[in-house]
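Before any questions on binding or motion, here is one chain by itself as structure tokens, the form predicted on its own.
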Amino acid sequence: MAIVLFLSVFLIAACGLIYELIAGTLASYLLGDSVLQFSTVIGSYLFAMGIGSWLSRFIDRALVARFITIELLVGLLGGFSSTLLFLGFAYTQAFRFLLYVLVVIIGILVGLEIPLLMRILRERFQFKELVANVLTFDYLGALGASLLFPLVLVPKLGLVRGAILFGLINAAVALWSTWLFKEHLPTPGIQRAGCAIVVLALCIGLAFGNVITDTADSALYSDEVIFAKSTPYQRMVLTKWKQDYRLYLNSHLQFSSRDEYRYHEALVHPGLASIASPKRALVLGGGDGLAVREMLRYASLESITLVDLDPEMTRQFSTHPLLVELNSGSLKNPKVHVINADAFPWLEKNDGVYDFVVVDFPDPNNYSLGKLYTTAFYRLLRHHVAQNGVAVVQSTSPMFARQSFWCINETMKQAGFKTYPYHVYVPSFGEWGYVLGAVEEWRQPAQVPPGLKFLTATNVHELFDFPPDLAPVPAEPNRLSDQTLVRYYEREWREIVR
């Protein structure tokens, strides 16, 4: 009996932490800035739990019945929390309000659980034994949830069905409590009927979890959604309109198949075409294989190493027929070696030196990405660039995020690169910028590979000309200890949205 009671504590703790992680993850996916979202969600959740613990003092009667009711409410609200948040983001303008209302309500209910359970159990155990065991299993449940969430829950079930599964666990705790504490329930049949209704509702939600997610995605994106996947790192959505395929990561457009060639030709060829007989190349990010596709035009390249954090990204672009067609099967080329790892620690452990390096990360809209645009990262990168080699960094828009663009340029300078900024017009994005960094003085290429759709030996020189509205502005370098770039970026793009 004792182990079953404390198993309830373990499961309650696991469920409570899962709902907290789901709220923080969804807020990061949909709003960006993972540090801010997780900090505010966790802070609000813990504050609400404190309110729940305080409110538990006012519950004096029918403790078991109240505990079962609270478990069912947590199961319903927590189980359907990601569903409500996805639909709220898709169909309303009140996502933030809904997010924190749910976080606070679930937090209050979770805060009520343990104090009530301890009061229910105090007749069966000595106080010191009760406190020690309850807190031990509470912390063990939190550990279990923190491991299950990234390793199993998100990649295998997704956020919608994962939350519903843990809602069912809360409902199961409520249901077996009607037998564990039946002597304290005058009408246990009523509580069991309530449990059955909640379990049925959650099972229906579990069965239709993919439909719920697809409905939210269809409302979020104006075009037909042909593929959607949540990974431990991001939400991937591929849409189609006529012959235009668009990839979105965490709701941010990554490319349109109609004009991505402009972006990727400009990313690769100004730097790579300037190197005589390049042998080794490195791509950091760029898991879609589109930059690699352009690099494979150079017969002298003997190996291309691609390092991308998300294995699902590289898997889809290696196997999905539409995506493989788009990147011309580049990730399956025998010259290409795909490594799924965080670029920062991978560079620290790897001692390879490369003639050409592409740094194609998403824009620095949060601190996790911002670390990959710091002086510390670029100093590390410089050690991997050959003496006559170059590195190129995608650097957001010099039109819409002008100070952010010149911040990246200044950061690379501070890291020891000789920098050569340039830009290109991509219809899906507008003016887009890059910074080319060289160890020695660099000269623009006299020619580019034949057969390109956009870039020529003539217009490549025009990319390095900045009109007055894109000209340099003062900007501090982006350091790891104080990520100025993320603040620049947030402010500039927020002004555009307004």
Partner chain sequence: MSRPSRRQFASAALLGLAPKSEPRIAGGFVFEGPDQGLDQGHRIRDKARFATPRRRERIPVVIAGGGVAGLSAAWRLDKRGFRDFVVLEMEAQAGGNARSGQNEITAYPWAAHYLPVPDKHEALVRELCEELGLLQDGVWNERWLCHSPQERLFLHGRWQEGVEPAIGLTRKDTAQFRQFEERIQELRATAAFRIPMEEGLAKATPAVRALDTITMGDWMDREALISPYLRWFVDYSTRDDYGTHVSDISAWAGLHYFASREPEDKGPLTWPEGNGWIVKKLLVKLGRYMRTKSMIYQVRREGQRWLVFTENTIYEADAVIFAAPTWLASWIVDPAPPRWPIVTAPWITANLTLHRWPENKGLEYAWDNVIYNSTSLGYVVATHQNVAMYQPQTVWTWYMALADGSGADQRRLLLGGDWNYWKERILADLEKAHPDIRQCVDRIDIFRIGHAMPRPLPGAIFNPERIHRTKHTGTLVYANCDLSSLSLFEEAQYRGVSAADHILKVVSRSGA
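These numbers come from a predicted model, not from an experiment. Residue numbers count along the first chain shown, from 1.
Absent from the display: the form predicted together with the partner chain. The rest refers to it.
The candidate spot formed by 366, 371 and 480 lies fully in contact with the partner chain in the model of the complex, as each residue has a heavy atom within 4.5 Å of it. Though the partner is left out of this view, residue 232 does reach within 4.5 Å of the partner chain in the model of the complex, counting heavy atoms only.
Among heavy atoms of residue 309, some come within 4.5 Å of the partner chain in the model of the complex. Not displayed here, the partner chain is approached by residue 379 to within 4.5 Å at the level of heavy atoms in the model of the complex.
Among residues of the shown chain, residue 254 is not one whose heavy atoms approach the partner chain to within 4.5 Å in the model of the complex.
375 is the sole member of 394, 375, 316, 305 with a non-hydrogen atom within 4.5 Å of the partner chain in the model of the complex. With the partner removed from view, the residue among 129, 183, 325, 348 that has a non-hydrogen atom within 4.5 Å of the partner chain in the model of the complex turns out to be 348. Heavy atoms within 4.5 Å of the partner chain in the model of the complex are found in one stretch of 420-428, 394-402, 338-346, 144-152, which is 338-346.
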